[in-house]
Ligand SMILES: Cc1cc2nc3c(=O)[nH]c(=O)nc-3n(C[C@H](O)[C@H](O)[C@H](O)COP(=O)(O)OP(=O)(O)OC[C@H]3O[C@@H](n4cnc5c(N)ncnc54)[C@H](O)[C@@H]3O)c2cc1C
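Below, in structure tokens: the form predicted alone, a single chain.
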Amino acid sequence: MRDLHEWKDESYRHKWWGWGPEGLEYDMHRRPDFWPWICKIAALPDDATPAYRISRDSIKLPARKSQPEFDDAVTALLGIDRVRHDDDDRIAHSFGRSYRDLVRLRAGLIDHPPDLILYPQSHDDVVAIVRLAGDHDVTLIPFGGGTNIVGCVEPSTADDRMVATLDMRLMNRLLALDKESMTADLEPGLFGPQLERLLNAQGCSLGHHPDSFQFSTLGGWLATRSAGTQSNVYGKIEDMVLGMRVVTPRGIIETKSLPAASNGPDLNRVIVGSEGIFGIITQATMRVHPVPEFEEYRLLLFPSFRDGFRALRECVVQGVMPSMARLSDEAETELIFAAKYPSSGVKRILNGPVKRLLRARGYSRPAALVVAFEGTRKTARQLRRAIRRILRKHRAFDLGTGAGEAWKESRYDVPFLRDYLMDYGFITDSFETSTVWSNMMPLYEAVTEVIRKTFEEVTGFPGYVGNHISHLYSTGACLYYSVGGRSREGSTPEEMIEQYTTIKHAATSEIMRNGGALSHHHAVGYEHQPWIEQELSATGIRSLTGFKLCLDPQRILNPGSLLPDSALGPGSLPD
């Protein structure tokens, strides 16, 4: 048995009111140009002061539901230290980390927290917990890092049964590594940094780095079909998984670790993205690769977003995609430069002449592209040479590796910035989709306009809308919107959530109306449920419902996520 100090380690647990551990917050003071820029964009007075945030001690949770026989059984199974129902644990597992979640946490609006938090540390623990939950009709929610932003880990308000959350962080081992086949057997509770440390020590890497990398887990990535920044070369998480072990109320699903097969529908693809409603993942065999010998980040500027779009499209057509490409539109580029640390020494002296040169050449409001190259030194350099040739053809101005590395160092800062802005009453979050190349710019323009218009209508203030293209495919790419601005003057927390929901609904409806994906990598949860039938078809929903009820007839696994309650009620399936 492992030392239980591991699960008490707070390094991967969010502060109760925001992102990341206590003491780790956004450093606005080191970015002297950023706050004035924010105030100008959001029409915020320069002397604005942070809003009052309630104290943790003032939060009163509803009494927990208890089933003494279940409580006694899981305590006998796990031990008293791994069965928790104190308020701190219940609060920590009440929500993910969407804007809506954080508003409720900061206001103490926690009406339906889990009743019990369980910490399994083995496959056998999970098998026994699922069996006990079925015997006592207790619902179970698998929980990784709690970074989801669409409601995948939140107890359903439509279900009045006892809720137990399974925090998987103790299942954090590298079980086996096959360096000849380049596969790794991993437990689902591994956080991104833990996973990479274990693999790197053996000369390997998974190469999956979502924006939540520091605080999210392998199990969460698999449950939500996550995408990492290097997906151009390694694929999304579903492209990395070879086999899985999954505990369901009807038994264990195990899939072989094979390079390819023709053995019926691919169960890995059915389980990945199912948000824990079909079963609880206890092991995954993942495709790994050697730690890259060479890695380089560069930042380039284009005269316009369209110029950068055409350059990326040509890279794809020519078959020379960088391992990462993130093309920001003009608005997001402006934010990137406003948020940067000030230059010093020679760089500071050169700033003025470089800016004047860029303006003279038509880069008055440019679009920034961050590209990364990694792999063997020879291959990465060959790829870099071919890609830079294409980018120059489309008038890319290369700011070099210094600017690229600066972006890399700050790439995980955005959720901390959101916390900072929420202290000033801001509405801020992100929406994402994907579409084919021919629809990319029409979709981008339509959704940007709807978000901008709706934001001002519901808040009375101008909203910031920035976007980037990332995760390139032969047929299309991902569009990622960042949205922010002041809530309506004097808004209550409930009114702020209502304003956010109106903006989110308008954006998602416009995405669906214009042929975009409901989500590229944020999953469905309950926030995207209103559009899930439109996305998958009524027959598709009935098919998933049948699979769900076959594996989980009591509907104890994560009720309320992915499939609407109406799809699972009486008469949901034809006789």
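Quick note: we count residues from 1 along the sequence shown, nothing fancier. For clarity, every value in this text was computed on a predicted model and none was experimentally measured.
The same protein also has a form predicted together with the named molecule, omitted here; what follows describes it.
Comment: the named molecule is not present in this chain, but in the predicted bound form one of 147, 487, 139, 482 has a heavy atom within 4.5 Å of it, namely 147. The single contact residue among 115, 125, 329, 275, judged by any heavy atom lying within 4.5 Å of the named molecule in the predicted bound form, is 275. Although the named molecule is omitted here, in the predicted bound form none of 37, 426 and 459 has a heavy atom within 4.5 Å of it. The named molecule in the predicted bound form is approached by residue 220, whose closest heavy atom lies within 4.5 angstroms of it.
Among residues of the shown chain, residue 212 is one whose heavy atoms approach the named molecule to within 4.5 Å in the predicted bound form.
Interface residue remark: residue 232 is not counted as part of the site for the named molecule in the predicted bound form, having no heavy atom within 4.5 Å. Interface membership of residue 12, defined by any non-hydrogen atom within 4.5 Å of the named molecule in the predicted bound form, is ruled out. The candidate stretches are 150 to 158, 444 to 452, 299 to 307, 257 to 265, and the one lying within 4.5 Å of the named molecule in the predicted bound form by heavy atoms is 150 to 158. Along 367 to 404, no residue reaches a heavy atom to within 4.5 Å of the named molecule in the predicted bound form.
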